[in-house]
Every structure is written in structure tokens, then in C-alpha cells.
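Okay, so here's just one chain, in C-alpha cells, the form predicted on its own.
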Amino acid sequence: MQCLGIDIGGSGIKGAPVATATGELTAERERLETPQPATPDAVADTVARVVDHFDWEGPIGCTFPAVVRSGVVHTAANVDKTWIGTDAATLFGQRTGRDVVVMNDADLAGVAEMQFGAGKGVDGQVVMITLGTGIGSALFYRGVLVPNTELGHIQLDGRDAEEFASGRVREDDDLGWKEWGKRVGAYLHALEDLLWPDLFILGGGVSKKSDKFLPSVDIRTPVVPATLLNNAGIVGAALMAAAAT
């Protein structure tokens, strides 16, 4: 079975068809810039352009960088505030003319990593952290997702963790990889003291450059980069779409 997975982020919206039995992308992904401001109508238009690019007729899954319950957006840390209360699943469905399911972006990246990537076969507690415009999180226990955790908003030095250790902060503050890696380590250390996980998986765009910063992350819990790298959200969205059909 193939489903179209679309990953909506603070800086880019990317999608590709996925073979859900293997997690492999079956076509080169299409990436468009996230519109600014990222209002519901503007984002929905961009999602529709990704769908049209593939001339897609089948099931569609979308990630979204917020708390999403039954397709409805409840927070808006890195998108326009008008998203709060928006039924994203209905909006995207109306704009594309397709059935669309929507869930939190880090949750779906984690689902993909647990099924096909770094978390496959890992028992116990696994925490997936995505480092991008913000910090997303997904929590699993014995392979079961605990949805909509917002661990990027725990407080470090009196501010949100994502204002201290996100990928955007690394770029905005012009931090070297070693210095930023120490910040990521401080953040993960705070999480391990709260959760005592068996494994951290780091995803997002910087996951493909893990060799530059992971040596500076010094904590007791094993930390590995996402195997699916920045495609994890696309794959997880497609898996969710398949499960909903």
C-alpha cells in the first residue's frame, strides 16, 4: 500500500508517497517553503500544491507542529496563532478534495522511527526529540505512543527549552556545533532526570549532521540519531494515513 505523507514544519512543507510496508519513499520528495505568516489558509494552499505535484488520489497523512487532538489544533508555538481551534484535518480535506488525517509532527516522526528506524525492537521507554524551528517530542513505552507531549517547553534557565537548544537557536545565535551540542546535552539531561528513558532518538534536519554535535552530548542515557533522518515525519504521516483507511 502507498500513502502520501506530508510533513509541515516551521520553515518547510515537504511530502512524498511512501510504501507503508517498508517505509521507503517511492518518489523524490517535494519541498516548498512554509508561507509567512503561516496562516491556516496559506498552509492549506501549500499542502494542496504538494498533493497536486504528485497528482495524488489516495490517502494522505499530515504532520503538524502543535498539539493536535482528533484533527483539531490546540497550540501554535511556531505557526500563526489563528491555528488554535482550527480543524486542520477538515481544512486540508476541503482544500485537497481528499481524506486527510493530521497528528503532531514529532509523534509521527517517532512512529516511523519505532517501526522502521532507530527505535525498532527497543523495549522500555523511548523519547524521540526533533530539533528544528522548535523542539518536538514523542514518548513511547513498549512501543506505544503517549501522544502530544510538549517536552520542548520545559523550562531551562527560566526559558522554554526550545529557546535554548533548538536548531533555529543554533543558527540565530551563530553557535558552533560543540557549543550547541552542550546545550542539547543540558536539555536531554533535564529530561532524563524527569523520565529516566532507555533511549533518546534525535531527529529533525540536524540529525544528518549528528557527528558534529553528538560527541558534545554527555549524559547517561544512550543517544542516537534518527535512522530516517529528516524523512521520518513523511513516513510517519503515511503510516498514520494507512492505519486510518
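When you see a residue number, it is the position in the sequence shown, counting from 1. Just so it is clear, the structure is predicted and the values come from calculations on it, not from any experiment.
One more form of this protein exists, namely the form predicted in complex with a small molecule; it is left out here, but the text below deals with it.
Residue contact with the small molecule in the predicted bound form: A106 places a heavy atom within 4.5 Å of it. Mapping the unseen interface onto this chain, R98 falls outside it, with no heavy atom inside 4.5 Å of the small molecule in the predicted bound form. Not displayed here, the small molecule is approached by E150 to within 4.5 Å at the level of heavy atoms in the predicted bound form. Proximity of G136 to the small molecule in the predicted bound form falls within the 4.5 Å heavy atom cutoff. With the partner omitted here, the residue from V43, L202, V184, A66 that has a non-hydrogen atom within 4.5 angstroms of the small molecule in the predicted bound form is A66. Among the residues V169, A77, L145, V122, the one placing a heavy atom within 4.5 Å of the small molecule in the predicted bound form is A77.
This chain is displayed without the small molecule, yet in the predicted bound form the stretch 150-158 from 150-158, 83-91, 114-122, 169-177 comes within 4.5 Å of it by heavy atoms.
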